[in-house]
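Before any questions on binding or motion, here is one chain by itself as structure tokens, the form predicted on its own.
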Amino acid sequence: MTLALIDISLRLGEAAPLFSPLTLTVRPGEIATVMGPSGIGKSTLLDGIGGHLDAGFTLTGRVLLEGKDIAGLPAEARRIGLMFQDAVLFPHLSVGDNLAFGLARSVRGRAARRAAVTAALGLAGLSGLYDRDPATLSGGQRARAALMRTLLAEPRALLLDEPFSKLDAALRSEMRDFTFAHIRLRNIPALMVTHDPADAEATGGPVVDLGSFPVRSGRA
């Protein structure tokens, strides 16, 4: 599952493109990082890849996932997971039911779905919290639960938009390690937007600065 961006450019209406055409390949299990000044279009790039562009924006170029151009597909058909700054869980559902909401359609039957969620909670260090009210979780617990809900949908790629920016330093490092480990475990490509050089360094993958890219290539 390789994610390839070929000559991607974005513009709002008739204005000039937000950044120079971008070409980038993200291999399975690799986390690529997009950096750059505020307002240059980092989050809008993720919106374009995921199929969530606001009205008025236009994406040109090709978005290839497993070699197939998905740029013309609706968001729900792209099977790209999203992780944002805020770990939002549905307040009217238990922790376990939040994760069950993200389960892939291939997991059928109440027992199978319960087992899949229970296993995911264990991987996230949340064993025994299936029936817990999300409001009682710590910030780190909410972030881990939100990530596992996204991964249970079996995305073919993952987009991370400043996912650790609202966490304190200790929790940020812990959540970063947890997230990157699960991306590599599932061997899916991921693209992360961040302002923090430490986030980029921790990925070990390619880093692009939309103001003047490429900055560096990934490690061998």
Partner chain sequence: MNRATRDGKILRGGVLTVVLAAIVLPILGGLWETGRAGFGVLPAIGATELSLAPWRALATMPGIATSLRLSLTTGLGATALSLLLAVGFCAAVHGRMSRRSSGRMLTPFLAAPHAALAIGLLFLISPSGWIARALAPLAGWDRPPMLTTGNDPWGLALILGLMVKEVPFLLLVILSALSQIPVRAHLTAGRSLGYGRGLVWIKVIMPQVWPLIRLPVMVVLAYSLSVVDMALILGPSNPPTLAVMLLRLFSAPDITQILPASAGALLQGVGVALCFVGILALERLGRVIGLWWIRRGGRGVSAEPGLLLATGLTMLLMALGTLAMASLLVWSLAWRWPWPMLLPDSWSLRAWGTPGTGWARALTTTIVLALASTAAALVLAIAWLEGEDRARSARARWAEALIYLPLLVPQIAFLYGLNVVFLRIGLSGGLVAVIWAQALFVFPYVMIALSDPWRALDPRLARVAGSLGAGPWRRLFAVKLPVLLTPLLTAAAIGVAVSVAQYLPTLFMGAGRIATLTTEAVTLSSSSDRRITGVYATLQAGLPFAAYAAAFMIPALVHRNRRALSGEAAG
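Numbering follows the first chain given and starts at 1. Because the structure is predicted, anything quoted here is derived from the model rather than measured.
Just so you know, the form predicted together with the partner chain exists too; it's not on screen, but the next bit is about it.
In the predicted complex, the partner chain sits beyond 4.5 Å of every heavy atom of E30. Mapping the unseen interface onto this chain, R149 counts among the residues with a heavy atom inside 4.5 Å of the partner chain in the predicted complex. Taking the partner from the other structure, the partner chain in the predicted complex has no heavy atom within 4.5 Å of any heavy atom of P134. Proximity of P74 to the partner chain in the predicted complex: non-hydrogen atoms within 4.5 Å are present. Of the listed positions (D177, D54, D69, D168), a single one reaches within 4.5 angstroms of the partner chain by any non-hydrogen atom in the predicted complex, namely D54. Residues of just one listed stretch (149-157, 31-39, 187-195, 59-67) have heavy atoms within 4.5 Å of the partner chain in the predicted complex: 149-157. Taking a 4.5 Å heavy atom cutoff to the partner chain in the predicted complex, the contacting residues in 84-113 are F84, V88, L89, F90, P91, H92, L93, D97, A100, F101, G102, L103, A104, R105, R113.
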